[in-house]
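Just one chain is shown here, as structure tokens, and it is the form predicted on its own.
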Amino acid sequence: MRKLRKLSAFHAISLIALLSMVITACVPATAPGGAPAAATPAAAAEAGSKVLKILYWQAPTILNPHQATGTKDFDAASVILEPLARYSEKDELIPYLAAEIPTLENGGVAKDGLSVTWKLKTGVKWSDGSDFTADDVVFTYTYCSTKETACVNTANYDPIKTVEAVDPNTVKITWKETNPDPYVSFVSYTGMIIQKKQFEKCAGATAITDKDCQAANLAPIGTGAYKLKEFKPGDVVTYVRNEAYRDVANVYFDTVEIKGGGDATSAARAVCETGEVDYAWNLQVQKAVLEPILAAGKCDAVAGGSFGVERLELNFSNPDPALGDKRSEPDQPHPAFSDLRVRQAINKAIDRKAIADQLYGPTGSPTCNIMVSPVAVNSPNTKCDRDVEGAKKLLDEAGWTVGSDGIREKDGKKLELLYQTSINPLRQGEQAIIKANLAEVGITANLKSVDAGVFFGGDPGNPDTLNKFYADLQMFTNSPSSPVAIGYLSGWLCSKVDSAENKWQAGNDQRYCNKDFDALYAKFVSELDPAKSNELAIQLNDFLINDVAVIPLINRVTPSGKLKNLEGPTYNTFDSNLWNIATWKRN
């Protein structure tokens, strides 16, 4: 999963109830102007209908992207909702609700970096027939900037001082301070606009507690090419063409269905061998299994850019269950990882080349960096060659001596670590390699595999979520949502540390905190010159790597699969893979 994290703030208070009751949310079809449209039978059962079938092996659980619990939810929301602009596969901004991309040259971006003005498309309608205006953009900011809303992408709105509607089709954003990324807000899958009329009473704690807001989270009204027909959280979402869409005449499909469930291997087989679906997301499958599936000849792999960095995270807090309510709280330092030498030893012990060669093949390569895209910020300064003897020496220096059973110990405590990740054959293969690597230097790793829906689900009452991090090590993929990775790098700030107080949703699940990193980050977010900004991004990357704040493993180029006769899907580094679904069609 590509997790916006650090986007992972999760809001399962409402989801627990919703999923336990298997709620189905339905939205009646409407025609432009708000009048009910004529009833239409399910497109899949209608002769001659055009149905697009999409398979995600992580099923969507919510359709409000600002309360999302991962890529599955952002992508499902992207079929309905739109941002002001989206990133293409070429990392270029394309106007969506905006009439044009504001720049220094056209006057949209202020020369002092303190504001940006967006001109909006005119005549855009919500699927209920009402007008989309600048007020909806202003409200989306109000919604996400209200702390009690617990918006998952607050990092994208934190830099904002004010958002004002200059007129119904113009929005001006003023930043709190000089901003090097004028497109950090209202762009890409983190910046989708929600309707003020539908969500107006949901800015605040009611966002996840009020029953009407819960219903809106499952059935948002949108401006996109499709609108919701039916949603069964954790199972399937069905959409139909939005007749109020500004370019409805060029929308090819009558119905879109996103089905969730299964695993990456079954998803690959469904599109590449049996042809049961048109498109399957994230074929995160071991090399030996994936290659013959792709060779079946029914599908094309859609891959490129960077799907994100598969990383090993270290818990800087103590996950010992004996701590009770203080477990994994930031004021409880980890008994081993507080020593840089232990972190360095783990990093040196890992065989990235074996992981890439045995498991990823052409779909991923070893990396020492947490910042790999765009190419200009991929640091040339870091090294991560395997060094078993060096790892042993560091552990010796740290006072962890090898016991009679071969496990290192210190002050009567063995160096045994709980290592968790989501259930996926590829990840279990990675776990096995890393477990063996650590055993060579005297560290025992006890493996735990958690259902992806739980691991990425964010239920604050569930002990197995990645945000709660009730383990010593955990592994998943993450990536920035913008070429200027302001939100992404904020995931290691002291102010973003997850805790019970913020329902484990602030964005820094590792509980890493270093004031020097925070100071360097402050320089980064105030630098307007692109070249200097890239230099600072590299410095931030190098800081995290040298301090072993996180251990990058693989730069993933994970493919999705599409039937050969499906046109439109592209890979995407900084946006949803469904970013241009309005243009998909069969050839």
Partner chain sequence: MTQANQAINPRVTSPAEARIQQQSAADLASVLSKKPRTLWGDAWRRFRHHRVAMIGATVLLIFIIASIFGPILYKVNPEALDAVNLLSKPLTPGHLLGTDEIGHDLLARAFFGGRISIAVGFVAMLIAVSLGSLVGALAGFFGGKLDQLLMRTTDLFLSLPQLPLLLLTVYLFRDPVTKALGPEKGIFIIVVVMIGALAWMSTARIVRASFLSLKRKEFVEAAVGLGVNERSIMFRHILPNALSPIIVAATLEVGNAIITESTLSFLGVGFPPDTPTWGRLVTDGSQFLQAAPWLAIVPGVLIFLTVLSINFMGDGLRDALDPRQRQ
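Positions refer to the first chain, counted from 1. None of the values given here were measured: they were computed from a predicted structure.
What comes next is about the form predicted in complex with the partner chain, which does not appear here.
In summary, among the residues P380, G107, G406, G461, the only one with a non-hydrogen atom within 4.5 Å of the partner chain in the model of the complex is G461. Contact with the partner chain in the model of the complex, defined as a heavy atom within 4.5 Å, holds for exactly one of V309, V124, I221, I293, namely I293. Although the partner is absent here, E273 lies within 4.5 Å of the partner chain in the model of the complex, judged by heavy atoms. The closest heavy atom approach of A288 to the partner chain in the model of the complex falls within 4.5 Å. Contact annotation for N514: none of its heavy atoms lies within 4.5 Å of the partner chain in the model of the complex. The partner chain is not shown here, but in the model of the complex it comes within 4.5 Å of a heavy atom of Q431. Heavy atoms within 4.5 Å of the partner chain in the model of the complex are found in exactly one of 395 to 403, 87 to 95, 434 to 442, 110 to 118, that being 434 to 442.
Heavy atoms closer than or equal to 4.5 Å to the partner chain in the model of the complex belong, across 331 to 359, to the residues Q358, L359, ordered by sequence position.
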